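So this first bit is one chain, no partners, the form predicted alone, shown in structure tokens.
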């Protein structure tokens, strides 16, 4: 399809006014007649056997509608993506697996009463020793978090290419190191929240903040044995997701409370409950080894990833697999052997988070590349350029690339944008370091039924008054997909944005579209919507051609009309044409269904470069970011304002990951359970110069050549900051976050050596 006047322009977001004026209603803002409030009773122990649950005191409170334990549930009482082993409620006689496990639920007339009633539920536990590290969980004789997971292995992935033994034998320089990354909290503004009720027909309605309405319906069906035809999931505006709302969170609990209490129920987790409940970025230990010739040609890579999966499978198989695959990055490496394991523990849950495991891999790979450059006496940037993928090459990866390689163009642009390296003031104790790193972020283009990504649907409907509705099963997380879809419809029908309404995240009104993750919606939903739009366009053109006496091929949609290309005065208003089609019985509602071919790779790739200048005070250990730059190959940019907003947001999250964020646990308990203890970047942390730029290399199968870029900016920004710090102080860094005390300790250790 040809691009009209709207795609590619920085038009305003369709949801902007409601969000900035406070008119947007989030899940916690909803009110229903006779609405009650729910409260969850969490286990205070990461591992304990539930001996008895005494609800009598809570039940006796006036205004308490229902207290629910596992014995009250119908169905399996379990749910979960990949493996359905997460309990809705832990039953008497069973073990809790982390402090986010729920043992009882309370429904009461007010939130305050529900909280007091939850505190009145008395649970007697046999406290058991938890497994609090993957190494401990992998040890011989360790108890099994799940009986059907030998060695506490949640998942295992392996990849080999070429002959890695021969590659290292031919190498003249070999470097090896182990890198450790911590948990990172999603830190979304809106905690898990929602409302549920059961209507007179027995249909359960759940309105909640989520990332996958169809996945939530599946989990409710699995756990509570409610027929799928009796489950209605409506996603509400999401106040931040980042992957933390990709798993079903509180929705099964909500459905159970509404059904068993027989009243509408609202459930909103407080911040500390949210912090312990939802999944975090996987903590990892990554051992990486590189072998190269003296001229810098990398001949071999060997890598091992051990990730803490936490208590349940969730998204760990995907995330761990991608971490392993992302170790290679955008480089030509002929001989590779990598493996990765996700290990069950009794720590906080791990799961999807922006970047999906690739940021951890980039920290190890880009850190070791700098180490290799020092061993070879090469500039780190020159080493990378000597090993870049070439335009005619594919990565040696289980996820083969299908995107034009643009690394040299990115390198030239970021060198220009970084400019001359600053110099410290004479006599200053500060040292300035610089780093430039590269990555090859991915976005989903695949057809993988087991991952819920086997197809994407979108529907478009032209109403008799000329208005247009778009229905898409994905979720607006703030990334701007509703605006992009509205742009597509407005562009292709020649209408203003105001004529388009986009409805999303509803399993009753919107075609199935899978989850909102992996930067996949613009590619998948965009392609599906264009198919639907084209079908409706042809119906409209056929009717217009008959009415105007002009061949369909000579007609175009422009400025609210269908008009002759050669004689624009011969036209019919879009609204008039819509009414005419309506009167004649033409079908103006079509569904587009997009599914990649079975033999397609799972992911498409883009490319990115990140640069950083950092000043470090050797006397105090203080770190000052002077400049940060991100340059991405963005495919065709559909909306520049939103695209660059994604780059800024991803870079700031990466800054937090590098310098301040660490969800600390000890003995399975959260030691940073709220924003009072867990620090994230704020406006005062970003006084430095930040440059965001893009180049446009149209993606062959993307809608109008677009790629998915929502996650990309985060990937190699963190290692760029770490390498810049290391360049400044002359000491390698292998763990994050890096703070003043770590800098001073590294400097003192180097002096002792």
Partner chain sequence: MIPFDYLKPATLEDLLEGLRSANGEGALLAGGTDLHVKMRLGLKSPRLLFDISELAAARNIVEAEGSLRIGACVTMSELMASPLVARLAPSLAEAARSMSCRQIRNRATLGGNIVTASPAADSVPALLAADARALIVGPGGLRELALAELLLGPGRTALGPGEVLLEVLLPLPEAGHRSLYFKVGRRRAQAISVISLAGGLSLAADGRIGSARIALGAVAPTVMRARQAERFLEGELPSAVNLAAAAALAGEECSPITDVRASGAGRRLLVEAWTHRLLQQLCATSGDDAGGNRP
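Numbering follows the first chain given and starts at 1. Bear in mind that the values here come from a model prediction, so they are computed numbers and not experimental data.
The protein also exists as the form predicted together with its partner chain; that form is not presented, and the subsequent description refers to it.
Visitor: Taking 4.5 angstroms as the heavy atom distance cut-off, pick the stretch from 620-628, 71-79, 157-165, 227-235 that is near its partner chain in the predicted complex.
Guide: The contacting stretch is 620-628.
Visitor: I need to confirm a contact call. Of 541, 510, 659, 217, which residue comes within 4.5 Å of its partner chain in the predicted complex, counting heavy atoms only?
Guide: Result of the distance check: 659.
Visitor: Note which of 176, 295, 423, 270 lies within 4.5 Å of its partner chain in the predicted complex, where distance is taken over heavy atoms; exactly one does.
Guide: Looking at the other structure, the residue within range turns out to be 270.
Visitor: Even though the partner isn't displayed, in the predicted complex is residue 671 close enough to its partner chain, meaning a heavy atom within 4.5 Å?
Guide: Flag for residue 671 set to yes.
Visitor: Can any non-hydrogen atom of residue 559 be found within 4.5 angstroms of its partner chain in the predicted complex?
Guide: Answer no; every heavy atom of residue 559 is more than 4.5 Å from its partner chain in the predicted complex.
Visitor: Does any heavy atom of residue 682 come within 4.5 Å of a heavy atom of its partner chain in the predicted complex?
Guide: Contact check for residue 682: yes, within 4.5 Å of its partner chain in the predicted complex.
Visitor: When the contact criterion is heavy atoms within 4.5 Å, does residue 739 count as touching its partner chain in the predicted complex?
Guide: Yes.
Visitor: Residue by residue through 429-443, tell me which have a non-hydrogen atom within 4.5 angstroms of its partner chain in the predicted complex.
Guide: Result: 429 alone.
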